[in-house]
Structures are given as C-alpha cells and as structure tokens.
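Take a look at this one chain, the form predicted on its own, written out in structure tokens.
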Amino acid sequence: MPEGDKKMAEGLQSVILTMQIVEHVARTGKGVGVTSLATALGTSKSRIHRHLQTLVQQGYVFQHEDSERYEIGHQLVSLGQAVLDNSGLVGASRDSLLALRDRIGRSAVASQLTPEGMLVIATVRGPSPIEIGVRVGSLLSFNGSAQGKVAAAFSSEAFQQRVLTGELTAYTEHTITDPEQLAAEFAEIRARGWATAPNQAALGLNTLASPILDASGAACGTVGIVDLAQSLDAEPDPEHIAAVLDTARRISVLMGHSGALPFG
C-alpha cells in the first residue's frame, strides 16, 4: 500500500475508534474505565488511553479525580443539546406549542421523559399578563405532575412498576402518594389519553397533558397547557382536551409515530 494511502487508512481507523469511544462512554451511565473500553472495542489499553486524553483535552469526556472512570464532558453535552434543539423533541414541538397557545390562549409546555422525571424542554407563554407556567429545565415527578403521570401511564409495565414501588413524594396535600391509587389513575389515563394534576405539584396550579409517542409507540415526552387550578379544572373543557390531543398527535408524527394514537 502506498505511504499516502496507508496514512489515510490509519487516520480513518483513528477517527472510527474515537467515535466508538465517545459512543461507548455516552451509553454507559456510570462511567467506564480504560480496560473495559479496550475489551469492548477490541484494542489495546494504551491506544484507548491516548484517544481518551485527546477527548479530555477537547472537553468531550472527563475523568473523575478520585476514579479511573471516564464520563461524557461538557462539550459532548453541549453538542447533544444542539442536536436536540434542532432535530429532536424540541424542534418537533416548537411550532406545535405556538399553535396550541394561539388556539386556546393558554401557556403551552413540552417535556421529555427521563429515568428520573419529566424534563421541561420548551414553553410558550400564554397571553395573560401574569406569568403562569413552569421553567425550562425543571424536573417534574411521575406522581405529582400531569406530565409525569401521563408519560408513566404510556410507558412499559416495568417502568410503571419502578414508579409505583419507588418513593412517591408528597409535594402538597393533594399529591397522590398511594401506589394503588396511582396505578388506578394510570389505567384511566391510558383509556382517555390525558392527565391533569390540580394542586398536586404546587398549590394553585394545574396542567392538562397528553403523551408524545415515538416510532415504537412508547412515550418519549408530553405536551400540555398550564394554568391556574381555578381556570383549568380537573375535568377540563372538551375543547382544551381536543386541542392537546391534536397537538400530541401532530408532534408524535414528527417523532416517527404513525399518528394512529390509542386514544382521542
């Protein structure tokens, strides 16, 4: 092989290994060591270590001072967020949130399902001079929020059991903390396709939320409206329910779902 072609092949192999390391680190939640990476990727520890040091310098991974494990760094997180903003749930929900707000005149919100709760990723303020809603970056519980309840209801049985057997924190006196009561509400939510949580996350607030489903039919997020509990009933206006269900269907299609949702 000519010298130029050899160097090009080596360069390509180096790029491939770098990407494999990044992918492996990103998919390993609690960090990964050099030995594990070398074993998983079928190469030497010294080669893995050289690539890791470059990735550390560039901020794509970092190593704990008291550990030999490597985790994703700030640059990789920032890159992932940029991708999410442009092509993920944020991008898919942006126009739909505006349309939902304009259709019924309420603050609209989109949240993403995470193992620990519902991450608020986008909000659109309603026309009211009083700001009513939740902040982007807030993490909402599976038992104390409409977003959490509806996402859990449309997740796997294993995920629901994890929620029901985990800690059910009482955020107000109205928060559901009884597993049997919460399981019964999950069943109701699956049948109708929406959830509310009046005074359950915070006194005076309520949310009407519906699940966003991905190509596999699993919940990947939620969309909904937020208002004062006195203005948004536990049994919302049918027009509001229809608007939220339509929006959930529209965003689900953008996320790869067929659009034939099992409700609404």
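All residue numbers refer to positions in the sequence shown, first residue = 1. If you superpose the two forms and keep the largest set of C-alpha atoms that fall within 1.5 Å, you have the rigid core. None of the values given here were measured: they were computed from a predicted structure.
As for the form predicted together with the DNA, it is not shown, yet the points below apply to it.
This chain is displayed alone, yet in the predicted complex one of Q230, Q57, S216, T35 has a heavy atom within 4.5 Å of the DNA; that residue is T35. Checking 191-199, 204-212, 60-68, 231-239 against the DNA in the predicted complex, the stretch whose residues place heavy atoms within 4.5 Å of it is 60-68. Site residues T43, S46 and H51 are all in contact with the DNA in the predicted complex, judged by any heavy atom within 4.5 Å. In the predicted complex, the DNA lies farther than 4.5 Å from every heavy atom of M19. Once you line up the core between the shown form and the other one, the Cα of I225 stays within less than 2 Å of where it was. Comparing the forms between the shown form and the other one, the C-alpha position of L17 differs by 2 angstroms or more, with the core used for superposition. Relative to the superposed core, T35 shifts its CA atom by 2 Å or more between the shown form and the other one.
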